[in-house]
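Quick heads-up: it's one chain on its own, the form predicted alone, in structure tokens.
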Amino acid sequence: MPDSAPHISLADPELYSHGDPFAQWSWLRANDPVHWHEPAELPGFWSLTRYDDIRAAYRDAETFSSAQGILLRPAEHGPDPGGGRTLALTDAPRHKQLRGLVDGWFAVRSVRALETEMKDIAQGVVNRALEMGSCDFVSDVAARIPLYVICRMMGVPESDWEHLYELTSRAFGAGDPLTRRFAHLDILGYFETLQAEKAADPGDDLVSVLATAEVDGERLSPDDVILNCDNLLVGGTENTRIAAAGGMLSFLEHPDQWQAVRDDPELLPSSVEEVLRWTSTATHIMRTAVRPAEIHGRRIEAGDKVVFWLPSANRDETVFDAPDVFDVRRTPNRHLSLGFGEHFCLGSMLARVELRLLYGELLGRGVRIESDGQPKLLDSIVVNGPETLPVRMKAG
């Protein structure tokens, strides 16, 4: 541990693709667990890096609000348009009302009812990758399974799945910001049409639920339905995609751990939890203080932005034994990768099942996976993990 403070650059996207954020988080946990970042392109904000502090702040939704946005964004961009309107960007009681509309779709019983279809999707994706031989594990495998599953749940016709795959690849991938923006607008346009169709002729799907729902005796506005559809699409795909790919990169870097699960399939559930902890794909979550608070002697004022660095919490040495070791046998594993408190990830069960089915399909069929080039990591402070992961896949 260095005696002097390192240069803290947690708001620099290149830190996550070419640097070592864990060294900075380690120093902050030990020396400055409530750290103030001066405003620059981003507004000033407080950083929380310790597990217990982040868990406590998650729990205290009355002090730390989600309604003003949950991600850092340049001040010039203005407030998040979903603030106060979407499931992720609302506080009680609105959050509970919106969550109640769709909660049942993500319950254990509902996810288990979909498991056969999900297994078929995973099998089809793996078959396609095996036919290709060499592929990008991110785009050709990890991205497709969660997207196809959430499309199925949202009532997107199967004929449109590939279209949404192309749009989400452009909207949430790297590349030109203007291209990403236009692709995202196309996604919103797609859901504008779909929600109108479902409002007129509802089916048994999530978009129909939202398009016909009432909260406090009033129907959700079309704009609110569209924003919540976008929220469900992103929430149901982005982090699982990167976790699945980041997990495979971790297994390639730690082949003994892959072999351990191959030798003992009973380790598959704990290996999924370790993948979630190790990858911690949601790099940060933000809250806005709505009343003064004090943490470790630092006074946080109403209106201050407070950022939770989840990968740091999941490597906290006071909570996890040997936190910098990737261990599929780790137990207990109370990571915060899927949030905590009333905003605990709605799709947590779905994500776990998707990861288990993907890795189980690969392991059960004895698929041999080898690196086929240098992976490229994302330049982002929002999500971290592989942008590309070239591999060779051969049937066992």
Ligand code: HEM
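Since the model is a prediction, treat every value here as computed from it, not as a measurement. The first residue of the sequence shown is number 1, and the count goes up from there.
FYI, the form predicted in complex with this ligand isn't displayed, but the following is about it.
Comparing 29-37, 344-352, 361-369, 326-334 against this ligand in the model of the complex, the single stretch with non-hydrogen atoms within 4.5 angstroms of it is 344-352. Using a 4.5 Å heavy atom cutoff, Ile70, Ala88 and Leu232 all lie near this ligand in the model of the complex.
Looking at Asn239, you'd find a heavy atom of it within 4.5 angstroms of this ligand in the model of the complex. Taking the partner from the other structure, this ligand in the model of the complex has no heavy atom within 4.5 Å of any heavy atom of Arg144. Although the partner is absent here, Phe45 lies well away from this ligand in the model of the complex, with no heavy atom inside 4.5 Å. Interface membership of Leu338, defined by any non-hydrogen atom within 4.5 Å of this ligand in the model of the complex, is confirmed. Residue in contact with this ligand in the model of the complex (any heavy atom within 4.5 Å), chosen from Lys305, Arg152, Arg99, His184: Arg99. Site annotation in the model of the complex: the residue of Ile285, Ala129, Val225, Leu164 reaching within 4.5 Å of this ligand with a heavy atom is Ile285.
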